[in-house]
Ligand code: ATP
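One chain is shown next in structure tokens, namely the form predicted alone.
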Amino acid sequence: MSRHGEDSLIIGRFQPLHKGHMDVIRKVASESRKTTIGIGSAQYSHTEQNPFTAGERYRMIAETLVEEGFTDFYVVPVEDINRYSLWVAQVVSICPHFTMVYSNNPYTRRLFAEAGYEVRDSPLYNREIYSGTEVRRRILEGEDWESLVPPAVARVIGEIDGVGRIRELVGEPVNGP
């Protein structure tokens, strides 16, 4: 992949990483010299909205990127600190250098813009299909969710019994759809 331009940071929760995320990562990486992927809300796990741990999300992302031939990337867990005036400084202190930020979260966009960073929207690809909410919904309903995620993500979810975890978190029987 051609690497030129700025060093970029993409921030998302990746609950889980899906094919829409991968389209964003490919686009940003094609325009960037170096790409850092920030796993937002890294301190949350085992909830309906955030079922996977930061370590599990890290594996999903890193294994997918390696399988797709990416070699120049960083993955950094980023915790929320609930002090917006300090959050950007925290992100800057734990991530490799970046000058461009990609996010669709209004708070993230505003905070980085106020700190002087160039902020761009993450392009959305088939958002009605490719979203963590849709993946989790399909898991709960017993529908095809694996076609929405890269193979490495499906593999990790299988290894950690992510389907069972999500169903238990919302009170569904583990063996039923």
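Quick note: we count residues from 1 along the sequence shown, nothing fancier. Model, not experiment: these values are computed from the prediction.
Quick note: we don't show the form predicted together with adenosine-5'-triphosphate, though the next part is all about it.
**Q** Tell me, which of 27, 127, 110, 137 has a heavy atom within 4.5 angstroms of adenosine-5'-triphosphate in the predicted complex?
**A** That would be 127.
**Q** Just one stretch in 115-123, 139-147, 65-73, 29-37 has heavy atoms within 4.5 Å of adenosine-5'-triphosphate in the predicted complex, so which one is it?
**A** Comparing against adenosine-5'-triphosphate in the predicted complex, the contact stretch is 115-123.
**Q** Could you tell me if residue 13 has a non-hydrogen atom within 4.5 Å of adenosine-5'-triphosphate in the predicted complex?
**A** Yes, residue 13 is a contact residue.
**Q** Taking any heavy atom pair closer than or equal to 4.5 Å as contact, tell me whether residue 99 reaches adenosine-5'-triphosphate in the predicted complex.
**A** Answer no; every heavy atom of residue 99 is more than 4.5 Å from adenosine-5'-triphosphate in the predicted complex.
**Q** Is residue 131 close to adenosine-5'-triphosphate in the predicted complex, meaning a heavy atom pair under 4.5 Å apart or at it?
**A** Output for residue 131 is yes: heavy atoms within 4.5 Å of adenosine-5'-triphosphate.
**Q** Can you work out whether residue 90 and adenosine-5'-triphosphate are in contact in the predicted complex, taking contact to mean some heavy atom pair no more than 4.5 Å apart?
**A** It does not: once adenosine-5'-triphosphate is placed as it appears in the predicted complex, residue 90 has no heavy atom within 4.5 Å of it.
**Q** Sequence order please: the residues of 73-107 with a heavy atom within 4.5 Å of adenosine-5'-triphosphate in the predicted complex.
**A** 103, 104, 105, in sequence order.
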